[in-house]
Ligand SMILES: Cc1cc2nc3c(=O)[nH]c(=O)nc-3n(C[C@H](O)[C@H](O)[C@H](O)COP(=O)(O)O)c2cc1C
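So this first bit is one chain, no partners, the form predicted alone, shown in structure tokens.
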Amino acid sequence: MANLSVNLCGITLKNPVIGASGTVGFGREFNELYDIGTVGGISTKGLTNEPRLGNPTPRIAESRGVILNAVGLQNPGVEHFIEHDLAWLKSTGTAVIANVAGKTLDDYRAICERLDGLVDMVELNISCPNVKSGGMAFGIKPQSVEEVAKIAKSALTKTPLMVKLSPNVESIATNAKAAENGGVDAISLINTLTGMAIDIERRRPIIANNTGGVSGAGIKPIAVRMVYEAAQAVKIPVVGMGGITCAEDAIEFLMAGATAVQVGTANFTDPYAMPKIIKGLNEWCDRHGVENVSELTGVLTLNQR
């Protein structure tokens, strides 16, 4: 059997498969089906300083090969997570990555200070609107990416920081470099693309929020390309995600430059997606004589034009 363990910012993951934020909750529901401790890591549901009810329903819509969601960061708040979920999640043996969000720079600073030393890693969701800057998402402009990264990093003295990059930008490589300049330890990408689905009988958007984040198998080629471009731009580890449904998909991201991957929407269509991907990674490595899955990171050679 191949060695599937990878090193992510000093954290040893037993395999490179991480449950993506918002798709596995805090792991309890999936643990009823299989041992969640067999997964390399869990990125928690996005946490805010205060509990949030999220957006009005309907909040999720299906389309061909993708889903749209506008859940609106519904979560019980960071204190509830620490009190009721953190100890259990740590006891499973999987790496705990706290995904966090905020409306202001002070929000990010405060939640990072609260989580410092309690989790294995913090992942910043910077696709949130900055209420003090006209509502534009923190992750759109490289200047704001670097600024929020610096604020969060300054609040973390014991815990590595990863920033989750938005794909809705002019240059993913530029924003990846901005995050690196902000002092982060790793980047993850891609967050969801912005999309819309219309109910042609009602002549209205299906989602109450009108637009939502697009995820699922249909976005994978875009995500692979962006992971490759980001990995070429930075020297810090990259965690890739976007449309991964099988081991072969995960390997594409590794070859494009990712150290690890996150699996999200696939968990909705098949709750056993992650253990199947882990099993498939091992089988693929054995068939191809790969002793350590980390050997696959960044091995892509572009075709000559």
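Sequential numbering from 1, following the sequence displayed. Note that the coordinates shown come from a computational prediction; the quantities given were computed from them, not determined experimentally.
Another form, the form predicted in complex with this ligand, is not on view; read the next lines as being about it.
Taking non-hydrogen atoms only, Thr297 never approaches this ligand to within 4.5 angstroms in the model of the complex. Within 4.5 Å of some heavy atom of this ligand in the model of the complex lies at least one heavy atom of Ile219. Taking the partner from the other structure, this ligand in the model of the complex has no heavy atom within 4.5 Å of any heavy atom of Ile277. In the model of the complex, this ligand stays beyond 4.5 Å of every heavy atom belonging to Thr259.
Checked against this ligand in the model of the complex, the residues Ala110, Ala173, Ala197, Leu73 give one hit for a heavy atom within 4.5 Å, which is Leu73. This chain is displayed without this ligand, yet in the model of the complex the stretch 188-196 from 78-86, 230-238, 188-196, 148-156 comes within 4.5 Å of it by heavy atoms. Residues of 88-126 lying near this ligand in the model of the complex, listed in sequence order, are Asn99, Asn125, the criterion being any heavy atom within 4.5 Å.
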